[in-house]
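A single chain comes next, written as structure tokens; it is the form predicted on its own.
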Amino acid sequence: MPIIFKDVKYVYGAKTPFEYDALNGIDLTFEGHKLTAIVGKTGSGKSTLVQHINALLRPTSGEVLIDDFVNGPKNKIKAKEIKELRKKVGLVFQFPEYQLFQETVEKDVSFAPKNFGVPREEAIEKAHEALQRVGLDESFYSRSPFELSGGEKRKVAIAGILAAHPDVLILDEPTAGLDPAASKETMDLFKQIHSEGTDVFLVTHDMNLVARYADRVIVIDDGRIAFDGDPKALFNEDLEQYSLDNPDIYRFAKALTKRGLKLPTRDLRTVEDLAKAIKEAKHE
């Protein structure tokens, strides 16, 4: 689904002493099927950017085209149009478990498809499918979401988004607070969803996730586009200029290179890539 930002500006606190430009002249086009990472320091504008894609925010000036939907400052948008847009564009917030509100897991996850007009029985089937996808079996269906562990709550919240089968999935810091194993499990799920045809946007500060999963990376710096391209190209730049850290595998590879072991850092994405490169370098 094509998404186009045309000279988008967004101002927080307009006409107050706290006014500042969160986005300033954003021009972006998202076409094709790539898993896109959006990164930047805290307060750079990355979360503000993605909230324009499902019209949680409307531009101060400029416009965002999402398929045939226009999100601009002047056009009148009907509630029905907003509902259709949010059916297509699902947003997983940084702590999605805070969105839980129903008395059972089944009711919570089936709420979104029912809200979008799916008959009750079909909505429940979609809820069960989504729960299975995130690793929660039927023993969870009748349980209260508020009695679950933190990780289980997050899975329920994610299932609630997946049950609506969005065309676009926006993930705002989806692994925040998760241990490494849970983080990998969560991201592998989203990678699988992407491989099945859903466009995925990943908002993150974790450059290890960018290295492992992203096809395209956009750096937002003080409300402007500072970089847009291949992750491998970004990691061969000085990331300190963007207040970003290099992924662990790049830092390790560069440390080894300084000690005389020449490694092709541009080709590294995973720990497995690094191990293979070290093995090959030793045999040269």
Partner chain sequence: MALIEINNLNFAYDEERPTLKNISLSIEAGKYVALIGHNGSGKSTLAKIIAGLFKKVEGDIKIFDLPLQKENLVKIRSQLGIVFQNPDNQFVASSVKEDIAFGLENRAIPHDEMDPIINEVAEEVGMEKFLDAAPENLSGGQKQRVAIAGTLAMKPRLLLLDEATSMLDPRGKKEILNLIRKMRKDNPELTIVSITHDVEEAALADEVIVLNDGEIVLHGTPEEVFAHRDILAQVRLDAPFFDSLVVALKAEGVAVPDDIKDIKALEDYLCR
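These figures come from a predicted structure and were not determined experimentally. Residue numbers count along the first chain shown, from 1.
One more form of this protein should be noted, the form predicted together with the partner chain, which is absent from this view; the next part is about it.
Exercise for review: Sort through 30-38, 219-227, 252-260, 64-72 and report the only stretch with a non-hydrogen atom within 4.5 Å of the partner chain in the predicted complex.
Suggested key: It is the stretch 252-260.
Point to revise | Contact of residue 135 with the partner chain in the predicted complex (heavy atom, 4.5 Å) | key: Output for residue 135 is no: heavy atoms all beyond 4.5 Å of the partner chain.
Check your understanding: At the 4.5 Å heavy atom threshold, is residue 121 in contact with the partner chain in the predicted complex?
Key -> No - in the predicted complex, heavy atoms of residue 121 and the partner chain never come within 4.5 Å of each other.
Check your understanding: residue 240 near the partner chain in the predicted complex, any heavy atom under 4.5 Å?
Key -> Answer yes; at least one heavy atom of residue 240 falls within 4.5 Å of the partner chain in the predicted complex.
**Study point:** Contact label in the predicted complex: residue 278 to the partner chain, heavy atom within 4.5 Å
**Key:** Although the partner chain is absent here, residue 278 would touch it in the predicted complex, with heavy atoms inside 4.5 Å.
Review point. Is it true that 178, 245 and 271 each have at least one non-hydrogen atom within 4.5 Å of the partner chain in the predicted complex?
Key: Yes, because 178, 245 and 271 each have a heavy atom that approaches the partner chain to within 4.5 Å in the predicted complex.
Review point. Even though the chain is shown alone, can you say which residues of 30-49 have a heavy atom within 4.5 Å of the partner chain in the predicted complex?
Key: Residue within 4.5 Å: 42, and no other.
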